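This document starts with one chain, in the form predicted on its own, laid out as structure tokens.
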């Protein structure tokens, strides 16, 4: 296993009340969170939500309107990009076409005045880390997309950055290669022990790669938590509907308990769920339930099967409730099992009240 002895103490990153405006548009709105040393954090959200703006502010390419950014406990707002100990891999990799793979990796070291012998040794280490020792003499045009990406990553890591920034690094790759490179970058990041932020709009990418996920919406940080918490315990309606699939049902609060409520759905029956935000009896609300968290039961919400799609080891059904609202159910498929026929009557309920999340209707 290759590990960089100079990175044994990984540097933490702090984003403290960072806001940024482009004219009247507020691209970032009072964003605060901490990234632990050596952690990989995904910045997740739709286009225009502020995640790339934050990445550019961390890298020093723009100066935020408000707030502070600290690396290793030191505020870096006054420092230019080349003084921040930040490495960045751009979406298009930005390799120098007239330089070989080894020369690209050496570029940052040479620009810092590193001795030739030390540069050569470091380039060899980085080529070994990304498993491309045999391609050192090739030019970017002679490399595949995945190989170019690994050389760009090696170049960024060669200068031993305190923080590594990855800006949509898999956008140019096809689906199969993308998965391979997600695994590879996770492996390399773990070996290098580098604090890393990756910008993505791909939910699966964020949930599979990151130690924690920062979900952005219109410049605001909606939730910052582990992938499992973001998926299983979304803190806001936006998170619940953006991350993964969710059935969103409207109704009225009938009863309140300490953590749970009973919701009367409009013309479809009742359902129990947990509340994460204050609600009151009689108030309009929505309940979100993921397709795999719904199950067929002897009693519950009456529905009718409209379509069944066998997807390998699972079956996805679309069913319609008594009030005409369509819901999706995902369940394991037994070997040889065929989907239920359209028109089959069923009853549905959450697999547990904690798996149905209730939000105020205005959320």
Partner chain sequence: MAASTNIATTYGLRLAAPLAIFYAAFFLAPLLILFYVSLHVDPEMTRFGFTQYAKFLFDPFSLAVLGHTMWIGVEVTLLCLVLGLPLAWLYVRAPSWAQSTLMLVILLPLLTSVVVRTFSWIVILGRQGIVNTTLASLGLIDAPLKLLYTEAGMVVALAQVQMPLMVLPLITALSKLDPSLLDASSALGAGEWRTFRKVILPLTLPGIVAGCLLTYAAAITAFITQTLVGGGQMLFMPMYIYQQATTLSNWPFAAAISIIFLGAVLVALSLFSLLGRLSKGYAHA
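What you are looking at is a predicted structure, and each value in this text was computed from that prediction instead of being measured. Residue numbers count along the first chain shown, from 1.
There is also a form predicted in complex with the partner chain; it is not shown, and the following applies to it.
Contact with the partner chain in the predicted bound form, judged as any non-hydrogen atom within 4.5 angstroms, is confined among 254-262, 100-108, 189-197, 208-216 to 100-108. Contact between residue 150 and the partner chain in the predicted bound form is not found at the 4.5 Å heavy atom cutoff. Although the partner is absent here, residue 56 sits close enough that one of its heavy atoms falls within 4.5 Å of the partner chain in the predicted bound form. Contact check for residue 238: no non-hydrogen atom falls within 4.5 Å of the partner chain in the predicted bound form. Contact annotation for residue 78: none of its heavy atoms lies within 4.5 Å of the partner chain in the predicted bound form.
Of the residues given (121, 94, 229, 172), 94 alone sits with a heavy atom within 4.5 Å of the partner chain in the predicted bound form. A single residue from the set 131, 250, 116, 112 has any heavy atom within 4.5 angstroms of the partner chain in the predicted bound form; that residue is 112.
Contact check at 4.5 Å (heavy atoms) against the partner chain in the predicted bound form: all three of 61, 141 and 155 pass. Contacts between 55-91 and the partner chain, taken as any heavy atom within 4.5 Å in the predicted bound form, involve 56, 61, 81, 82, 86, 88, 90.
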